[in-house]
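The data below hold one chain only, encoded as structure tokens and taken in the form predicted on its own.
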């Protein structure tokens, strides 16, 4: 008992000596008296104090290192958003508090819900630790809702990290949980809260999620260009080697790295766009603590990345919380949907749908695009046959994702439109020429 008390006092003194800082703790990490943390990246009980990087990109001038493990800290709580017609709506959501000092986290993350949630994007092969903290509902203190993070369509490391409440659990107000993900399959996914999913997703707990393939890093490390590209939607080359066990480099290829599809998903410009919608009446009744009309839900505002047109192509959107609910304004919708490219470049659009009730037919008013992936899978048959196809529109249902490549070779300079072909989705409630539409600018 005496040893245990001595240990507790020592840890408390070390913690008190540390300056205020932002950090994420991995398994086996220990406080460093000199400040910060000694990190055991291998999770084997040995604190190395160094940050190893896999595939050795440090030898390439100007290229960033890719750490073997990465982390983020999200807050789950409430907030306020502004629709393109000026309507203010009460929302739930996530915000990124990775850079917030621990002693200021609750203060800075309360009433900061973003629409959509902060984008999550890393590389295949990285270990990802995501800490979710439930900061509570400032404008609904009567609610004690737990929250979770669910990587929709993603092969989870264990059911406990799935976020679906029947297989795992939600995080209660004032508590946090660190999820672990082994990022093994590249592709376009999406994420959301899965506790009381209909309500929490309608209220705005939705986010973009995609994993980049190791082919990017192989091409960059070896200074190879597949079809003139070094970034891809998927691993589309045959005989692409895996990482070594310690992720310090790639194994030797089993054969010639190539194939008929090699480089076919290469791109220059990337954009993630998520379709969603809100029933304004549902949000208004929610903040009034009134009975919620689940059976009568009917979308009034249709959005791409949390905004309706023309806000989809503008700068960050600041809500009007101070005038409507007496809370400080903040940037509630930081992510636009505008795409800009130069003639001849290829654009990768990562599309997802997190509406809880509506399908959408998303259409492009220019030349046909190439559909190369669906639901985080490369469109390639088991025999290696290329199953990609050209189209001017995709029909996307709730929970689905698509990967589209737009080859702008030969396009005229100017503005093109990407929009929903469903006419009722091209408005901001009673305001016409809005909703699920954005612009593609070709210079």
Partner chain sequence: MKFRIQPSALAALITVCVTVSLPLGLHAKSYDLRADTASITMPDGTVVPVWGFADITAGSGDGIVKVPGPALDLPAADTNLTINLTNKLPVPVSIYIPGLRLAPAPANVGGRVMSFTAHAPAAPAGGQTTASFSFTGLKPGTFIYQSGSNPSAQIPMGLYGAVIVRPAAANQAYNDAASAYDNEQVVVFSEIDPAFNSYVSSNKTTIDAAHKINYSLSYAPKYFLINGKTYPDTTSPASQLVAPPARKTLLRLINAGSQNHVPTIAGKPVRIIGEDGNFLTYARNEHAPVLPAGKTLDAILDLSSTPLTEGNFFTMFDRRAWRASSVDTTGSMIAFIKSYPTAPDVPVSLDCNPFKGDMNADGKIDIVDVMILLNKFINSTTDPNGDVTPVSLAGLPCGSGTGVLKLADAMYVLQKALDIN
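None of these values were measured; they are calculated from a predicted model. Residue numbers count along the first chain shown, from 1.
As for the form predicted in complex with the partner chain, it is not shown, yet the points below apply to it.
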key: the partner chain contact in the predicted complex: residue 90, any heavy atom under 4.5 Å   = no
ask   = Looking in the predicted complex, any heavy atom of residue 364 within 4.5 Å of the partner chain?
value = yes
query = Any chance residue 344 has a heavy atom within 4.5 Å of the partner chain in the predicted complex?
reply = no
query = With a 4.5 Å heavy atom cut-off, would you call residue 310 a contact of the partner chain in the predicted complex?
reply = yes
key: Proximity to the partner chain in the predicted complex (heavy atom, within 4.5 Å), stretch among 109-117, 250-258, 297-305, 328-336   = 297-305
message = Using a 4.5 Å heavy atom cutoff, which residues in 400-429 contact the partner chain in the predicted complex? It's fine if the answer is none.
response = 409, 410, 411, 412, 413, 414, 415, 416, 417, 419, 421, 422, 423, 424, 426, 427, 429
